[in-house]
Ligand code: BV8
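Only one chain is included here, represented as structure tokens and corresponding to the form predicted alone.
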């Protein structure tokens, strides 16, 4: 770790004062908490693909099956805790350096860690809303006991996640654009760089002259253009980076 720490320190020492950090997070950050991508044997769940389950058509066809799949995921999500990488990003926010954290994860671990400058761009499983748009919403503090979850209007509640075929929140995308315009540094953590439009955020930032740091155990297209690529689990390396950045700035 001495070598990694030195690389991080040497890089940070090349920077001017950093006041506006944007962070883009993918599933890799939650691996340190014990979460992995949830797919059944062969990538299927009850002979259904993820794309079939996480869709309006899939839910309309079989809400019990879709809720069973989500409940199995949620049982694991509520068992685990935020790890040191999540807490490092909270520390970055509390020291006034973080402008915005954009997470692709739906596990709710950032909020549980105490993050507030946060966009859950793909939604979260800890909230639900009416499938038929009556406007009723709910928040979960654990996996639902009775599924499919009923709505007071007589329909069903669905997880408040962005399903395949649905659009991302346009206000969120506008906010991301505004924050990147004013950023000095972007940090990407555990993201594959394949899910758009989020995968494009680092390219936009780099084009605007924003310094880019990538934490990932796998090399990606983001790693290849990053000013610093750290191929060490984020729960180990990210706290080092945040601490060094805070020392450099203060």
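Only the largest set of C-alpha atoms that superpose within 1.5 Å between the two forms is called the rigid core. Predicted model only: the values in this text are computed from it and were never measured. Residue numbers count along the first chain shown, from 1.
Heads up, the form predicted together with the named molecule isn't pictured, but that's what we're talking about next.
From the list 174-182, 86-94, 103-111, 141-149, the contact stretch for the named molecule in the predicted bound form under a 4.5 Å heavy atom rule is 103-111. When contacts are defined as a non-hydrogen atom within 4.5 Å, all of 28, 122 and 218 contact the named molecule in the predicted bound form. Contact check for residue 73: a heavy atom falls within 4.5 Å of the named molecule in the predicted bound form. Of the heavy atoms in residue 165, some are within 4.5 Å of the named molecule in the predicted bound form. Using a 4.5 angstroms threshold between heavy atoms, residue 224 stays clear of the named molecule in the predicted bound form. Using a 4.5 angstroms threshold between heavy atoms, residue 202 stays clear of the named molecule in the predicted bound form.
Residues 233, 234, 235 of 228-250 are found to place at least one heavy atom within 4.5 Å of the named molecule in the predicted bound form. Put the two forms on the same core and the Cα of residue 66 is off by 2 Å or more between the shown form and the other one.
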